[in-house]
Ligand SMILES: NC(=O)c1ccc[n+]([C@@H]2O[C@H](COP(=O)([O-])OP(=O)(O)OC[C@H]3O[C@@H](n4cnc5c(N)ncnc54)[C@H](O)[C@@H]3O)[C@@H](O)[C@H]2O)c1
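Shown below, as structure tokens, is a lone chain in the form predicted alone; questions about how it binds or moves come after it.
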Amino acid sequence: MSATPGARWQVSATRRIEYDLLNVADVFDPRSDALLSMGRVQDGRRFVVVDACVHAHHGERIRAYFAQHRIDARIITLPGGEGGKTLDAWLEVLRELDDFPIHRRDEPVIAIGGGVLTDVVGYAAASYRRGVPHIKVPTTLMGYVDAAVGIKTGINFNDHKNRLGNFEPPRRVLLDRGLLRSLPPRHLRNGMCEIVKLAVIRDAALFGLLERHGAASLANAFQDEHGGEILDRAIGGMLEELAPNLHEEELARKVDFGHTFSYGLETRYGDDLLHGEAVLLDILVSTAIARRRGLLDAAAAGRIFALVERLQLAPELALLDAELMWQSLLDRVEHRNGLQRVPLPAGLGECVFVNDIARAEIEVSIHTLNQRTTSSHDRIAEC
């Protein structure tokens, strides 16, 4: 029997996405069951990937945790930092995982590290056997408030950031702010730049918290009450933005503030410029553009610059390059389906999207920022 001409079948399905984020006190304490709260425990196995620096601080406790619970754990380490977000790292995780069989649905892979590591491991988990569950334990401030919160995974490829990846939700994200204690100050500031991003573009109350308590929270690695409040508000705000648009069907996203011009800067300067530092430079240029367009009044723009100074975030303005940032914007146009869709602040906690930024505006904004450094009253703090 021949096929019927014009026959057509249509498939429509919806994948349910459900995961939770849980504040945990001392996630490696053997008395806690948080790490094993998802999946099989009796005679269970876990494949665990740990950032090398985190392993140096906590490796013995991690091994003791699984031994105490009689879990057969294969623990491997990966280097952190943007240089570790590679095809080779992804393949290494997959090779090690394939050498340590786990049950496909009830023995989740565990990723313990910063945003780079959780992105790589999440992508490996999504790829292996067409998807195995995974749990994230962010250990950097950047991972805590940004990378581990959403469902994007990925690696850098062909000299482009996050060119390979997918959307794969974790089963759970375990948030232990005690792990932030061992972070160097630069990495705390790096994550703080993402919190500033959220405050400027969508949450004036968070901005006020940062003005009042941000510097002290940085100094004590967010271990006090106000530090916890800042973290919880930042995560809650991020989730409010991400949850209705997890697969980025809508390409005009407030959370892309600071992520237009920064891509080119990060790609060129590599490990010399951390992700949050590049985002901060983008935030400042975008703020200058918004001020020049009259979207921000002088008082609001002044508060943004003053907050950056108060938090001692120390942007490297010398790295700003108009041509590089223009090319980055053109790349974002491709990523955003033919339009710039650049979020700009329109008052503290408010946002508009524009599609008509010109190269000359970038040049003028860089010049404006450099002029500010010559003023002892308004200059942006340097290290």
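Source: prediction; values computed, not measured. Heads up: residue numbers just count along the shown sequence, starting at 1.
Absent from the display: the form predicted together with the named molecule. The rest refers to it.
With the partner omitted from this view, the residue of Val54, Leu320, Leu344, Leu348 that lies near the named molecule in the model of the complex is Val54 [heavy atom within 4.5 Å]. Proximity to the named molecule in the model of the complex, taken as a non-hydrogen atom within 4.5 angstroms, holds for one residue of Leu183, Ala199, Ile102, Val308, which is Leu183. Across the proposed site, Glu82, Gly114 and Asp146 without exception bring a heavy atom within 4.5 Å of the named molecule in the model of the complex. Residue contact check for Lys152: one or more of its heavy atoms lie within 4.5 Å of the named molecule in the model of the complex. When contacts are judged by a 4.5 Å heavy atom cut-off, Leu179 counts as touching the named molecule in the model of the complex. Using a 4.5 Å cutoff between non-hydrogen atoms, Thr140 counts as a contact of the named molecule in the model of the complex. The closest heavy atom approach of Thr260 to the named molecule in the model of the complex falls outside 4.5 Å. Shown alone, this chain has one stretch from 183 to 191, 212 to 220, 280 to 288, 93 to 101 that lies within 4.5 Å of the named molecule in the model of the complex by heavy atoms: 183 to 191.
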